[in-house]
Ligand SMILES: Nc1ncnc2c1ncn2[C@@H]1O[C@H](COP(=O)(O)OP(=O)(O)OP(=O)(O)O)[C@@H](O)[C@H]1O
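Take a look at this single chain in structure tokens; it is the form predicted on its own.
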Amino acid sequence: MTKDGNPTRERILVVDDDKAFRVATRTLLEDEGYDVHLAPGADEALTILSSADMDVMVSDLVMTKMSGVELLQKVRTTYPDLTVIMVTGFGSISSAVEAMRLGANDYLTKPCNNAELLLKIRRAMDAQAKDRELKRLREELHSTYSFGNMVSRSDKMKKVIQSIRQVADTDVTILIQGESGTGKELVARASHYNSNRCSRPFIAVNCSAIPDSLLESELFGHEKGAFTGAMKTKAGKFEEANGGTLFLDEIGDLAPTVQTKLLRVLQEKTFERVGGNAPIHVDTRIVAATNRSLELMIQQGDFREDLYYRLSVFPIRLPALRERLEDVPLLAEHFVHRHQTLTGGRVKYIAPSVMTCMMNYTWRGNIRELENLIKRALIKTQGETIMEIELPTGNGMPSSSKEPMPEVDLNTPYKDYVAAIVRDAEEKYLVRMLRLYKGNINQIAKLMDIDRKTVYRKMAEYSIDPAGFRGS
């Protein structure tokens, strides 16, 4: 973009020792809206290129002092992404072909056909635009799934991020376990986009969303005529992800026949398409995820034990949001920013009373539930601050957060503000657990996934007497 906000014109450098050709070509291209620069020779062209970015260079092949081929070789060394179109006399087509071999993108013969020249330049510009967009999307993906964008300050999530760092650049199979909505696919994508496979495909398959009768074909492909409706040969997700990563979500829902075939792929790196007998070799990394207890499924005979051990070479457990309440303010503000287009950027803040209410919520739906509730609150908010959020109750009915809440001074530093909310939520959570389990410290420690000493220390910190909850 230019300083006045208008789109930057595409720049073309025309290099030719024939002045008449240079002037005529400039007139033609400027009429089409291009920003045209002229050079009578290779030396002048290199000077222009050193001071200004060009999108396309149109160069004569035969010039005095330095030929177009020599210019091309220098350009390819210093400006490898510059599109070069060579222009040659009819009798020098073999030289133009040689120029193509040396890195020219296209060529034209003199006398040039104006329509053909414009067409080749337009194609070059369109190709560059696609390359830039692809580069932008790749950079966006890397940015989105970088460790810096995994919003958390909890120790448990720091351990998860450390685990991803450790395993990302290996080829071992990862098994991600966690409740629905904890971000298992986010972890899978982070492990891919921070690995040496990042430029290769990431293919995600939800095993519970595809009928058992179709899942085998979806994963491994099928040959023409393998079953009714198989009108042509189709590659499966394993082939699509070759060289990259295949993410198998809800792995616990795999049918026994698919479990057997998956085990073979993990062991031998080969499989056959449905209806085929030719072995297909793939270099596909597997990342699996589940919200079910595969160990329990093994005991019940619903999941192969040998497949489980193949999948869980590197297990990662994602904590539930209620286990990392200190992340609720960070995540909530992150979602306000992410979904600001819902209100045109009008809503920017969350009231302290609303934040306190969210810190005391159980978050059965985890991060996904939090994001959905923030989106709903954004749409309903009239001003610039979310003053109310509807949190579902145990009976499925929404409960408004507009009830009176202890206020926190808005001048309080952010770190102290979050710490105060965490302390308040932690105390209420501990009291709720003590009341629910009648002061049984052993049971409470097990359910909270902390040791008994920590429970006693927390009770002392908040001056809570467990005797008052026994027999209540």
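What you see is a predicted model; the values in this text were computed from it and never measured. When you see a residue number, it is the position in the sequence shown, counting from 1.
Another form exists, predicted together with the ligand; not displayed. Remarks below refer to it.
The chain is drawn here without the ligand; in the predicted complex, the stretch among 254-262, 236-244, 102-110, 367-375 whose residues come within 4.5 Å of it by any heavy atom is 367-375.
At a distance threshold of 4.5 angstroms between non-hydrogen atoms, Phe335 is in contact with the ligand in the predicted complex. Taking non-hydrogen atoms only, Ser191 never approaches the ligand to within 4.5 angstroms in the predicted complex. Contact annotation for Gly221: none of its heavy atoms lies within 4.5 Å of the ligand in the predicted complex. Using a 4.5 angstroms threshold between heavy atoms, Gly181 counts as touching the ligand in the predicted complex.
With the partner removed from view, the residue among Glu272, Glu250, Glu323, Asp302 that has a non-hydrogen atom within 4.5 Å of the ligand in the predicted complex turns out to be Glu250. Contact with the ligand in the predicted complex, defined as a heavy atom within 4.5 Å, holds for exactly one of Gln128, Thr170, Asn291, Ser353, namely Asn291. Of the residues in 312-332, only Leu331 comes within 4.5 Å of the ligand in the predicted complex through at least one heavy atom.
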